[in-house]
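One chain follows as structure tokens, the form predicted alone.
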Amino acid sequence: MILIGERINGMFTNVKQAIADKDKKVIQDLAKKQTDAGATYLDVNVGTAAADQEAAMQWLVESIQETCSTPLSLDSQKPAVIAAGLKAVNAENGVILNSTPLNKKSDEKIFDKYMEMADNAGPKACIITLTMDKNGVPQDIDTRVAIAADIVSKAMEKGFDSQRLFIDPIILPVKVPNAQVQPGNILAAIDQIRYLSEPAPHMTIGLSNLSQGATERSLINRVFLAMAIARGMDSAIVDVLDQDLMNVVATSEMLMNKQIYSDSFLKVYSGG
């Protein structure tokens, strides 16, 4: 399971303050804790924490890389912010460009720009692409799958390896009115998207979006994560510091025969 640690995000109060104060310690502590907890990548998202998002992205990347070599996921829908992060990132460790829709009303070629930046960054650079286009976030299964098919087709046309592609079917908060049907739609979309190419693109979601505003956030996230893993999802942007959530990942992978069972399988997973 490819786990992308979500905590270095300007939407969190402590990260926003650290960016404003140029306090490396807060950022570096989060980088180290998430790495120790099992993050495969660390998501790096300036959010609205700085007026100059490009400079803030570079500072975050440099600060993190001073203390750990965990691959980074540069998170912005602004190509200029991604490009700024790429100037500082050590792409030899691997890097994800997170994230781009298929297209936007203001930029029909945005997906092409992300593929070009990934290719320039090297063969280990991947992209998270949203099942979203200039018409916005789809609410039904068929449109999600159709957009995913267009993403895969365009990547193949450009010679972009499907194994460097992560498709995000966009999970919506379950608490929003009329949104309770969406988790089932996501699972049904995953069932179909994973057959769009051989080998299949990776499947990922921003898991915490599901429980936004809800009371039992960790429980909702844990249950849906197990359901999605069973349907073929192999990546997620998650709070890796939530130990109960990490135990669900370990148990799901063991039950899916992706990890060898032993009585201490949780310890083995967390140590591996």
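Just so we're clear, the structure is a prediction, and the values are computed from it rather than from any experiment. When you see a residue number, it is the position in the sequence shown, counting from 1.
The protein also exists as the form predicted in complex with a small molecule; that form is not presented, and the subsequent description refers to it.
### Query
Just one of 40 to 48, 61 to 69, 243 to 251, 27 to 35 has heavy atoms within 4.5 Å of the small molecule in the predicted bound form; which?
Going through the listed ranges, the match is 40 to 48.
### Query
the small molecule isn't shown here, but in the predicted bound form which of I186, L130, A84, L165 has a heavy atom within 4.5 Å of it?
Answer to the contact question: L130.
### Task
Decide whether S218 counts as a contact residue for the small molecule in the predicted bound form under a heavy atom distance cut-off of 4.5 Å.
It does not: once the small molecule is placed as it appears in the predicted bound form, S218 has no heavy atom within 4.5 Å of it.
### Message
Against the small molecule in the predicted bound form, would S235 count as a contact residue? Criterion: heavy atoms within 4.5 Å.
### Response
Although the small molecule is absent here, S235 would stay clear of it in the predicted bound form, with no heavy atoms inside 4.5 Å.
### Task
Determine whether any heavy atom of Q53 comes within 4.5 Å of a heavy atom of the small molecule in the predicted bound form, and answer yes or no.
So Q53 does not count as contacting the small molecule.
### Query
Is there a heavy atom of S99 no more than 4.5 Å from a heavy atom of the small molecule in the predicted bound form?
Judged by the heavy-atom cut-off of 4.5 Å, S99 is in contact with the small molecule in the predicted bound form.
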